[in-house]
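Before any questions on binding or motion, here is one chain by itself as structure tokens, the form predicted on its own.
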């Protein structure tokens, strides 16, 4: 990911974005509008038009990455340009405004643009770090394979529990049914374990984070059981320890995946807000400026 985005084709889009920045700064330095620099000068209009076109083009990336039959360059190349020209856009708009801001719709558009750029840079940082951490956490397996392993442990636990009295079977069934991996994005992002279990002899459920309550109950039952039952309970405990390890892997996988996805919940709505504010900015300028 680092190579394909930031260093794509010898960082060609980095150099292109830097060239654009240098040209805009040079034009701003040379320009002499006989009034304080602002968006209403000839250069201000030119830079504003450039900024608006950049915003529309950068937004188009969301459509391009879903068009798998497009021949207009690779998605990696588009993303590399998206990153570098997104940063260059900040300089272009600052020069367009002549560094003049106030409490108006024009500044609102600028604020939305800054938020979009900031959320985009956060997304780049996430995509550069998290995929590798995902791979390390999975240990070469896919998430579906980890879930298959969990299902296999549950099936084996049910079979082992069949050798023990009925309360053990109810105990295993309760633990399986009430194990949670995170039903909401926020829970997955916090790596929150809301698992519960109903222990034999109890009319209510208790918290079972990390399968601790289940492990403690099995340990207590093993200490009271005869030799044969203790061996079977030990087998059940071993399966539960393996399940606990797999659950930690799956929850971490879901947490990292949520971290990859969460920034889009800000980036996409902010981009939509930016487009609306940009349109309002343009209409306002031509009607009232």
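Numbering follows the first chain given and starts at 1. Nothing here was measured: the structure is a model prediction, and the numbers come from that model.
Note that the form predicted together with protoporphyrin IX containing FE (HEM) isn't included here; everything after this is about it.
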item	value
Heavy atom of residue 186 within 4.5 Å of protoporphyrin IX containing FE (HEM) in the predicted complex	no
Non-hydrogen atom contact residue 62 with protoporphyrin IX containing FE (HEM) in the predicted complex at 4.5 angstroms	yes
Contact flag, residue 38 vs protoporphyrin IX containing FE (HEM) in the predicted complex, heavy atom cut 4.5 Å	yes
Interface membership of residue 201, protoporphyrin IX containing FE (HEM) in the predicted complex, 4.5 Å heavy atom rule	no
Contact segment among 49 to 57, 23 to 31, 228 to 236, 243 to 251, judged by heavy atoms lying within 4.5 Å of protoporphyrin IX containing FE (HEM) in the predicted complex	49 to 57
Contact assignment for protoporphyrin IX containing FE (HEM) in the predicted complex, among 214, 116, 161, 95, heavy atom within 4.5 Å	116
100, 135, 205, 76 - the one with a heavy atom within 4.5 Å of protoporphyrin IX containing FE (HEM) in the predicted complex	100
Triplet 109, 264 and 271 all within 4.5 Å of protoporphyrin IX containing FE (HEM) in the predicted complex via a heavy atom	yes
